[in-house]
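Shown here is one chain on its own, the form predicted on its own, set out as structure tokens.
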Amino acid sequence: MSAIAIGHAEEQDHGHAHEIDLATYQENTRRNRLGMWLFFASEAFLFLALLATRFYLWRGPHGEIVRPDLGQTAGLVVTVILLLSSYFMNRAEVSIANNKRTDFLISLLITAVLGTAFLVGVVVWEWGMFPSLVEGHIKPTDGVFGAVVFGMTGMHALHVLSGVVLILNVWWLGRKGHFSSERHWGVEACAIYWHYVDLVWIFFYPALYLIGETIGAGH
């Protein structure tokens, strides 16, 4: 057998092995995707319980729905920041799917920065963690209002923080050459998680800031 024929046979074997390996990877990805959606289903019970608690506890003397006087500007700003971060997370996923590694890495960093900005907005402005910067904000000791605000925003902030950590981990791996257009389940999983966290806030934001009659936190 000639050297050319041997080389051609080796290329065919290599291509066949690559196809089998890729098929296995895709099958594992489908299983991982199912497991992730089951995880999200269990998480949904947690967030739904927080929403139910908000509408059960935040009631006026005649049963009307009420809410504390939260900062509307701060709530709107952090919401816009978080929604904008979803755009860049999607851009990162699309970029790696098209082998645009530079755009992929830049989009991930922008997403992480926006996620961090959201956390700073919640902790500094909405929680009033630095009284010298922000005055008159609701406190955890302000009865059911404080309990619900800090419970809902705190649980969500914890998920945002874990998402930022995941994004930075994916960025670090991508910087080292991991992921490709064919193999980027880690990026997809991170993106799905981030979009899920953003979706939760879309329900939390109106529940905390928009729905109900505004009354003082001390009432």
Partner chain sequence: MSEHSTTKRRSGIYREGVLVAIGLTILTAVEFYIALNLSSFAIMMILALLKAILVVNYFMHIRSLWSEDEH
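In this text the structure is predicted, and so the values were computed from the model without any measurement. Positions refer to the first chain, counted from 1.
The same protein also exists as the form predicted in complex with its partner chain; that form is not shown, yet it is the one meant from here on.
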Considering 83, 106, 113, 124, which brings a non-hydrogen atom within 4.5 Å of its partner chain in the predicted complex?
83
Classify residue 76 as contacting or not contacting its partner chain in the predicted complex by the rule of any non-hydrogen atom within 4.5 angstroms, answering yes or no.
yes
Since only the chain is shown here, I'm wondering whether residue 161 would be in contact with its partner chain in the predicted complex (any heavy atom pair within 4.5 Å).
no
Report yes if any heavy atom of residue 91 sits within 4.5 Å of a heavy atom of its partner chain in the predicted complex; otherwise report no.
yes
With heavy atoms only and a cut-off of 4.5 Å, decide whether residue 156 touches its partner chain in the predicted complex.
no
Let me know which residues along 181-201 have a heavy atom within 4.5 Å of its partner chain in the predicted complex, or say none if there are none.
184, 188, 192, 195, 196, 198, 199
